[in-house]
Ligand SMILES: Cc1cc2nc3c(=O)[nH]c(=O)nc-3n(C[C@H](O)[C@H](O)[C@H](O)COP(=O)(O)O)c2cc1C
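So this first bit is one chain, no partners, the form predicted alone, shown in structure tokens.
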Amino acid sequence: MMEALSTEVLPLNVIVAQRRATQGFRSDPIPTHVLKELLELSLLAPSGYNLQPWRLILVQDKDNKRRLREAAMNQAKVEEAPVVIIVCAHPNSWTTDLDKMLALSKAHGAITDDDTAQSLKSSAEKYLSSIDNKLWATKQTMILFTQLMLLAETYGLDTAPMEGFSESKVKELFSIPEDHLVLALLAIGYAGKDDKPFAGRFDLSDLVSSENFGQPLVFEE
């Protein structure tokens, strides 16, 4: 269990309503304790079978950020932000981490007997061997990515999610295994420019149905 937070955080409902992609960063460093808490909380994100099929690479070194910028369509914010996180997914994590996950669950009391552990293992192997593991790992990891981004904002940090990069070049530059996916980059720091303006969102009635697809949603007064 992580220690009590050492930093005051902003309410999540305020963050969700106000968050915008940051267009430029100051070079001010992120305090180490803030970064550590942010990562610890982010890694509590849920995942199927608790397999946690994500891998994060923190890029803080100036030379490494320069190299990453070259692989990320020369986006200046990659070099400006004090921290850029490369967010990867491991589609085959169920073949390498399933036993480790079961042992962890036992250690925490979530699994209390061998029969339950074996049943869960069989269920996971049957399901995960029958689906598109790249799609599965992507879905799980983007939960982590969203949690990481919003948590950073609650700490008073600013963020810029990026998907403009050459995956093959990022893999080559940062020694990422070929069977892993590079899904996104997240620049984190303190805004040096205004956030992007709010571009609006479609109305609730355009995106949410009631009971069946396309059925109008009506809230009773």
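Note that residue numbering follows the sequence shown and begins at 1. Note that this is a predicted model, so its numbers are computed, not measured.
Keep in mind that the form predicted in complex with this ligand is not shown, yet the notes after this line are about it.
The putative spot formed by Ile86, Thr138 and Leu181 is not touched by this ligand in the predicted bound form; no residue has a non-hydrogen atom within 4.5 angstroms of it. Only one of 63 to 71, 28 to 36, 162 to 170, 50 to 58 places residue heavy atoms within 4.5 angstroms of this ligand in the predicted bound form, namely 162 to 170. Residue in contact with this ligand in the predicted bound form (any heavy atom within 4.5 Å), chosen from Leu150, Ala103, Ala110, Met142: Met142.
Using a 4.5 Å cutoff between non-hydrogen atoms, Asn133 does not count as a contact of this ligand in the predicted bound form. Leu12 falls outside the set of residues with a heavy atom inside 4.5 Å of this ligand in the predicted bound form. Interface membership of His90, defined by any non-hydrogen atom within 4.5 Å of this ligand in the predicted bound form, is ruled out. Residues of 61 to 92 lying near this ligand in the predicted bound form, listed in sequence order, are Gln75, Lys77, the criterion being any heavy atom within 4.5 Å.
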